[in-house]
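A single chain comes next, written as structure tokens; it is the form predicted on its own.
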């Protein structure tokens, strides 16, 4: 399995957000796209997920242009959890998770043993089994996010894309979601590609970081090699102390001033 972009240019109407992007995502790892607001992080993720058609260039899935592949084929290979997903009013957790099986079903096919097994596993992995009959709107923010992730897991794809999965969650629920993604990667080898704002969380939970500025990749490597003082200045416009987190040995960013423009 290989997912990459070649000379990718993206935008909305006449405005170009990303230009000539060449990117290869490492399979079986957790990769996080970081950068300041409006730099093109979510735009890149949406294009990789085939939600945004390129202006130029292409996204390749196993060497084939993703925008030319049938939707069902793509949905069997990658799942996307957007920043603010919406669901029908009153839908239960189990009903939501069942949506994840649609790419694997034929027209008018009833759920089979494989579907039911995938749903049960997704509920169990996300610790949502006890909430299966609850309607989505009665859950806490963290529980709702786990329900959406369960739907993505039921889709049973090797690649999982998430756009700011910790947005609007308190610190405890943020950690719950990130721990879950780390566990999925460790235990099942699932490739996780996500957008995060919190640099310390990105460093803690990622094998690789991609720092983006103005639609261009400024750095792509391990957290130790990406989170440098130069990247803090060039990409985020801040001065920061960079120390090692004593709990995990990963870089920890402590901002203390705005970078002086030269």
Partner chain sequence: MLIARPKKPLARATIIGLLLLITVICSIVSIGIGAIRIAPLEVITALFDSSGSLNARIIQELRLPRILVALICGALFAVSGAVLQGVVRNPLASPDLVGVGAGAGVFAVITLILLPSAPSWFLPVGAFIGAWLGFALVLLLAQKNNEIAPVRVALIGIAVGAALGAVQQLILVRAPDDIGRALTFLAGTVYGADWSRVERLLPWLALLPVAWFLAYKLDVLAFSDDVASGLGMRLMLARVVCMSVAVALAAAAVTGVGVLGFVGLLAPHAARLLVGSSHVFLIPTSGLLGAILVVCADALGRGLIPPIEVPAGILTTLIGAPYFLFLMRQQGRIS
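Numbering follows the first chain given and starts at 1. Since the model is a prediction, treat every value here as computed from it, not as a measurement.
Below: the form predicted in complex with its partner chain, not depicted.
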Task: Residue among 127, 72, 187, 179 with a heavy atom within 4.5 Å of its partner chain in the model of the complex - done: 72
Open item on the list: Using a 4.5 Å heavy atom cut-off, which residue among 143, 105, 174, 121 comes into contact with its partner chain in the model of the complex?
Closed with: 105
Open item on the list: Is its partner chain in the model of the complex close enough to 85, 89 and 155 that every residue in that trio has a heavy atom within 4.5 angstroms of it?
Closed with: yes
- [ ] Heavy atoms, 4.5 Å, its partner chain in the model of the complex: which of 205 to 213, 225 to 233, 29 to 37, 46 to 54 makes the cut? Say which one.
- [x] 46 to 54
TODO: Spell out, yes or no, whether the shortest heavy atom distance between residue 147 and its partner chain in the model of the complex is within 4.5 Å.
DONE: no
Open item on the list: Can you work out whether residue 161 and its partner chain are in contact in the model of the complex, taking contact to mean some heavy atom pair no more than 4.5 Å apart?
Closed with: no
Open item on the list: With a cut-off of 4.5 Å between heavy atoms, is residue 80 one of the residues that contacts its partner chain in the model of the complex?
Closed with: yes
Open item on the list: Would you classify residue 192 as touching its partner chain in the model of the complex, given a 4.5 Å non-hydrogen atom cut-off?
Closed with: no
